[in-house]
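Presented below, as structure tokens, is a lone chain in the form predicted alone.
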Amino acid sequence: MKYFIGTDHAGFLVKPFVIEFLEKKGIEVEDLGTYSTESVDYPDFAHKVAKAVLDNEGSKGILICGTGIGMSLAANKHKGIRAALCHDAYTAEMARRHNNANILCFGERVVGKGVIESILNAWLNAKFEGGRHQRRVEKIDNF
């Protein structure tokens, strides 16, 4: 599986930690920017990651900004993207199990590295349950 990661300036500092965490688990990661703490517009990176996930079947994405809110809003503008803003392991697990989320969003200013590890582990270990949830995901995708 391949992951695409994008951040704005407010998520840049934690990005190397996330990339290293994923790569240690044998996950291929492609960094789509930004590459410094210089101020940038988060929608640019949300759109890059969303497009990459849509263009690469089976891939997933991670978006990080200050709060995760702006990234999730921008990414969810793309039909077929289900970007979930997660602040803890439980929301990350449920985003995968019930919503088949394909992009994980969180905020560098909201969660620390310990919480990020728990979010990533929950996200990576959870599998979409299908069943009644499939019908609901289809309603999201077909709206």
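Every value quoted in this text rests on a predicted model; they were computed, and no experiment measured them. Numbering starts at 1 and follows the sequence shown.
Not on display, but discussed next: the form predicted together with ligand RB5.
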Looking in the predicted complex, any heavy atom of Ile69 within 4.5 Å of ligand RB5?
yes
In the predicted complex, does Arg109 come within 4.5 Å of ligand RB5, counting heavy atoms only?
yes
Even though ligand RB5 is not shown here, does Cys65 get within 4.5 Å of it in the predicted complex, heavy atoms only?
yes
Contact flag, Phe45 vs ligand RB5 in the predicted complex, heavy atom cut 4.5 Å
no
Proximity to ligand RB5 in the predicted complex (heavy atom, within 4.5 Å), stretch among 117 to 125, 131 to 139, 8 to 16, 21 to 29:
8 to 16
